[in-house]
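We give structure tokens for two forms of one protein chain below, kept apart as structure 1 and structure 2.
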Structure 1
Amino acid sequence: MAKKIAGEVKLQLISGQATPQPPVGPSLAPYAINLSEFVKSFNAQTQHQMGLVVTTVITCYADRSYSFIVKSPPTAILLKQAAKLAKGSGEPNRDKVGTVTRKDLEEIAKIKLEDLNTTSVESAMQMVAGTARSMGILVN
């Protein structure tokens, strides 16, 4: 018999550096799960991606247990990293703040492929290019 789900929480956390402090503590406290156990298991699972922001979906169950899925980093963060930028453009239709190559797009698309609703790398590259365009980043 399946466990009864008490709630689901989505958080963007820095991999390998989570603490019970906000945003983790206040988000998970209503479900009464063991925060220190969650933090240890999250940090251990994301150790290989140290420093990247990753999206985490935490499913909390009624018996105070939990499970979590770590997804790939957001596309915007990967694009900023590839273009070596601190942030995107405030006016992306006017001000272009950086450039990325098609090779960069392909690498990002391969990382994001499992989290997107496509199985084609070309389609994923178009999605990533659209995000780049909305951030004011040119694609060469």
Structure 2
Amino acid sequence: MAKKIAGEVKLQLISGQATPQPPVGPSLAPYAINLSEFVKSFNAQTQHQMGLVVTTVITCYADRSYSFIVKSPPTAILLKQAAKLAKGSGEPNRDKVGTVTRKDLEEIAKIKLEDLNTTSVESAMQMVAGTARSMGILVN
């Protein structure tokens, strides 16, 4: 199989609920892959975490076949899990809705290190803390 890569697309989608509508349709349309099959496969592979936002990377090949991987959830989802929240605060400056510990931050930073454009866990923790504060989550 001479798999020449035509492009890679990174999407954040809701597990088990993807459709060919945007962003899936317009993001993958340039590669003319079988959208219906991708949606079906993605939903099947993520149905065990229905409703959770996940990151997926779709690799599209020159012959219009494709493969995809489901990566770890976005930082915000991991923070909500750590703080046991369904949603962040609508007014994060004023309304604090939850708390995470520095240990939580460190664990999340380590999981997300490769996505955060840094090799330093400390820098990654600062970014994760910023995301937490933007959601009304306090860091203890």
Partner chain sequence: MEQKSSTRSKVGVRWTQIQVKTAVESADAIANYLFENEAVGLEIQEGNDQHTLLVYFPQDDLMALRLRNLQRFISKLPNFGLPGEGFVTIEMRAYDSQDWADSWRSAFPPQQIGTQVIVAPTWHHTEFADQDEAQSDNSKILIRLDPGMAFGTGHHPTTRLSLLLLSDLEFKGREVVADIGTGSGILSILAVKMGVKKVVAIDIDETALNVAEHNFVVNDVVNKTDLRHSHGLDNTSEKFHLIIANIISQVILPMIPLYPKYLRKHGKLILSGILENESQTIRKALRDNGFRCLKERKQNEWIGILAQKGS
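Throughout, residue numbering runs from 1 along the sequence of structure 1. Source: prediction; values computed, not measured.
The chain appears twice here, and it is structure 1 that represents the form predicted alone. Hinge assignment between structure 1 and structure 2, with options 73, 39, 109, 31: the rigid parts meet at 73.
The chain behaves as two rigid units between structure 1 and structure 2, and the smaller unit swings by 40° against the larger after C-alpha superposition.
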